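One chain comes next, on its own, written as structure tokens: the form predicted on its own.
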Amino acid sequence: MAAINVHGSPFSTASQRVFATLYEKDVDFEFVNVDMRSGEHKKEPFISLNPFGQVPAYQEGDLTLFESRAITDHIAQKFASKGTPLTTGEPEMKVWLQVEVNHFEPASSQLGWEQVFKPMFGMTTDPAAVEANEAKLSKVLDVYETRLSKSKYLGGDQFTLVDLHHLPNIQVLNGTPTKKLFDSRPKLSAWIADVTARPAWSKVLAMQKQ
């Protein structure tokens, strides 16, 4: 098997999706840290791996990929027989993959930016933006609560990429007042407790301490 290198940051939510997938599939990889504070992701040699200057970038022999969800799909398909099965092949799962991208990601990432990353960079949180995006996210989570009353996981009855793709933003928001939106929905709260307790996710979080 060709050596796998993942160029990214343990604090990048997009990078975390890729790390979690590799850990779930029990696939060895080399982590190459990209110092985003100094702007390494906007310069050579990284910019040759991803011309958009965003982490992560994935190298597997002669293959170079970027865009975290495309990378996780490649890993799940290529290493289908290893580790945790992360795809079902069912149309239902594909629907919920798109739900995460189009409905959960926009509001949740904006809430993370306002409440966690802005203060980290010495910027001021915009309360109006937080309020507006919490309202948007609440509507999405209401749909999730209904969905999780009918199936154990969002993509069906087994843990898949659908659930995994949510983990980074959930982790960020669990440390903010927005967590109240999770806690007020019992089915959602139980699902979050389940997916965030996975050993592969614990390994991702441990990378932040190295």
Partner chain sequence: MAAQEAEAAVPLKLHGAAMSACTARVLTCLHEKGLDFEFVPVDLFSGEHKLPPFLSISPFGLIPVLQDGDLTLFESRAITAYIAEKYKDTGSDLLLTRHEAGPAAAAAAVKVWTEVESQHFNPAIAPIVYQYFVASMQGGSPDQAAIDGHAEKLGKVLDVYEARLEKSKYLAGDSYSLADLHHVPYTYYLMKTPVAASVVGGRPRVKAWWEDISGRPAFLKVAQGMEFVAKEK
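Here the structure is a predicted model, which is why all the values come from computation and not from measurement. Positions refer to the first chain, counted from 1.
Form predicted in complex with its partner chain: not shown, discussed below.
- Contact annotation: residue 124 falls outside 4.5 Å of its partner chain in the predicted bound form, judged by heavy atom distances.
- Although the partner is absent here, residue 82 is not a contact residue: none of its heavy atoms lies within 4.5 angstroms of its partner chain in the predicted bound form.
- For residue 116, no non-hydrogen atom is located within 4.5 Å of its partner chain in the predicted bound form, even though that partner is not displayed.
- Under a 4.5 angstroms non-hydrogen atom cutoff, its partner chain in the predicted bound form has residue 54 among its neighbouring residues.
- Annotated contacts: 159, 167 and 209 are all free of its partner chain in the predicted bound form [non-hydrogen atom within 4.5 angstroms].
- Note on the partner interface in the predicted bound form: the residue among 130, 107, 140, 76 having a heavy atom within 4.5 angstroms of its partner chain is 140.
- Of the residues given (46, 31, 66, 182), 66 alone sits with a heavy atom within 4.5 Å of its partner chain in the predicted bound form.
- Heavy atoms closer than or equal to 4.5 Å to its partner chain in the predicted bound form belong, across 154-186, to no residue whatsoever.
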